[in-house]
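As structure tokens, one chain now follows by itself in the form predicted on its own.
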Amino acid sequence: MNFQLRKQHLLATLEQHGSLEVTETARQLQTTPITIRRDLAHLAAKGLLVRTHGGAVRPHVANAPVAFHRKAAANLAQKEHICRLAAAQIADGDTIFIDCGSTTFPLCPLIRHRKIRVVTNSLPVLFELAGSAVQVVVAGGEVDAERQAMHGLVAVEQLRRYQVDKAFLGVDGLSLRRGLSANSEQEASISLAAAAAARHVYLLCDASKLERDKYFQFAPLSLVGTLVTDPAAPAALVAQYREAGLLVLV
């Protein structure tokens, strides 16, 4: 198959699914992954797609939508405080995971200068750190355009292959009784895979989410090593989380 036919297939796949993987595309077209990577590089240079680790996404998917920025702007001062505390836990040479949540996103400008590796399923994190001192690895999978993230079985399987020093996770709800809860099973599966790959798990959670239970409970408090929150968290509640076995940074 010549380049023009491969190009049509690649662009049609991106139009239909939002993303593609090099290995699977090479199998479908009965060619080599090297050929597909070369094709993707050519199309990326023309602005027809954006490369990711192991594949590509459509250009408009790569631009963080208004919905993400609106969510990221909520409780921004608290999130920035939390991320300053979290950034202080990162050492040069670390390999870390940053999830797709709006609470973890403000970590990016604080670590752009660091000689570290970041594994992420977040497109905003990818584009914020691209071109910085950070080496970025994207866990590929299905593109969730609303969340600006990679989800699904492929992303989970890829995360299982990695070993990271520290995972920085957000959460929709946290409580002493039910542990970690989420609004989405997809997000929960990514959090579980990242936590399993990490030597230490940091949960970045502003005070408004403490003692809030969401639809899907997916992990006990013991999944977390350190809870990072903001000064609005009640001191008595912070003490209870510490009694439950968590390190807490406020």
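One rule holds for the numbers: they count along the sequence shown, beginning at 1. Throughout, rigid core stands for the largest set of C-alpha atoms superposing within 1.5 Å between the two forms. Predicted model only: the values in this text are computed from it and were never measured.
In what follows, reference is made to the form predicted together with the DNA, a form of this protein that is not presented.
Could you spot which one of R58, R37, H200, K214 gets a heavy atom to within 4.5 Å of the DNA in the predicted bound form? For this set of options, the contacting one is R37.
Pick from N183, S208, S222, T31: which has a non-hydrogen atom within 4.5 Å of the DNA in the predicted bound form? The option sitting close enough to the partner is T31.
is_contact(L247, the DNA) in the predicted bound form, heavy atom dist at most 4.5 Å: No, no contact at 4.5 Å.
Since only the chain is shown here, I'm wondering whether V22 would be in contact with the DNA in the predicted bound form (any heavy atom pair within 4.5 Å). V22: contacts the DNA in the predicted bound form.
Quick one: in the predicted bound form, does every one of R112, Q163 and K166 get a heavy atom within 4.5 Å of the DNA? No: none of R112, Q163 and K166 comes within 4.5 Å of the DNA in the predicted bound form.
Would you point out which of 214 to 222, 183 to 191, 200 to 208, 37 to 45 contains residues with a non-hydrogen atom within 4.5 Å of the DNA in the predicted bound form? Result of the contact check: 37 to 45.
Going by the DNA in the predicted bound form, which residues of 1 to 18 come within 4.5 Å of it through any heavy atom? Counting only heavy atoms within 4.5 Å of the DNA in the predicted bound form, the contacting residues of 1 to 18 are M1, N2, F3, R6.
After superposition on the rigid core, does the Cα atom of L29 shift by at least 2 Å between the shown form and the other one? Indeed, L29 is displaced by 2 Å or more.
With both forms fitted on the core, check whether the Cα of L227 differs by 2 Å or more between the shown form and the other one. Not so; L227 is displaced by less than 2 Å.
Closer or farther in the predicted bound form, the Cα atoms of A196 and E21, when the shift from this form is 3 Å or more: More distant in the predicted bound form, by 3 Å or more.
Any idea whether L20 and L107 get closer or farther by CA distance in the predicted bound form, knowing it moves 3 angstroms or more? Result: closer.
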